[in-house]
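Okay, here we've got a single chain as structure tokens, the form predicted alone, with questions on binding and movement later.
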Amino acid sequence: MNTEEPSFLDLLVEAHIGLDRQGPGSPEMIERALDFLKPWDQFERIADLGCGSGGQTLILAEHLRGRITGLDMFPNFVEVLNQRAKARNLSNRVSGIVGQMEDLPFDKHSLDLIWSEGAIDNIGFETGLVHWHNYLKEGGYIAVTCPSWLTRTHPAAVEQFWTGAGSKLDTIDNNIAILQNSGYQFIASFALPETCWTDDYFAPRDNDIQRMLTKYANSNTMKEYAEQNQHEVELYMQYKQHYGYVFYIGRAI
């Protein structure tokens, strides 16, 4: 049992650092998105923004032969990505760096592909698309997931949750229009299935949270953190038909 009072940020990192993913998604959905990007040999320089511990980064490396740079604001996640890349003998093509998505450390017009799962909404869908466009070569591609409304009904409880998390949900049609108005040709969009939330994210995260509740048994912060995560799960199960993560794929023009 740990008697120290952890911060919310500490708990966030600890609950996610051992997971394959830090948000909803799956290898199957990565491969579905990649199907829109063939031929894969056109991608020499790739950036995975908000890469976390690199679960999707390493899957990209299995399909793409170019150099992939994962960028994340949390050094702990970047360290895990680099360890995983080394263990798979991929350090010559895959590397993680600490950085900010709104201030990219790459040369302008140097990237063939920008990939980002569950992160662009942290800085705003339009803000991210406009800023990142500067770093893509002409004809380069962007593939991102962003929480979006799936129906015309927008439950207030869902809106309140995502606003509190610093994100703004928009409709798929509006996001496609934003993509096009930000200098991209629209290629494709599709919503992630329920299993990307329940099986690939919520279940493994809950396992770590249960372990942490024992480790920090006397921590009120830990109890509050667990309650907030449980609320997220319950909210999704109640309103999952109305919202979800959507892949948006575009080509810089």
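Sequential numbering from 1, following the sequence displayed. Owing to the predicted nature of the structure, the values given are computational and were not obtained by experimental measurement.
In what follows, reference is made to the form predicted in complex with a small molecule, a form of this protein that is not presented.
- Against the small molecule in the predicted bound form, the set Arg21, Phe77 and Ile123 is in full contact: each member has a heavy atom within 4.5 Å.
- Although the partner is absent from this view, Gly183 stays clear of the small molecule in the predicted bound form, with no non-hydrogen atom inside 4.5 angstroms.
- For the chain shown alone, Pro147 is not a contact residue for the small molecule in the predicted bound form, no non-hydrogen atom being within 4.5 angstroms.
- Although the partner is absent from this view, Gln160 stays clear of the small molecule in the predicted bound form, with no non-hydrogen atom inside 4.5 angstroms.
- At a distance threshold of 4.5 angstroms between non-hydrogen atoms, Pro155 is out of contact with the small molecule in the predicted bound form.
- With the partner omitted here, the residue from Ala165, Met73, Ala177, Ala87 that has a non-hydrogen atom within 4.5 angstroms of the small molecule in the predicted bound form is Met73.
- Checked against the small molecule in the predicted bound form, the candidates Thr151, Ser91, Asn134, Gln100 yield a single residue with a heavy atom inside 4.5 Å, and that residue is Gln100.
- The chain is drawn here without the small molecule; in the predicted bound form, the stretch among 222-230, 60-68, 203-211, 46-54 whose residues come within 4.5 Å of it by any heavy atom is 46-54.
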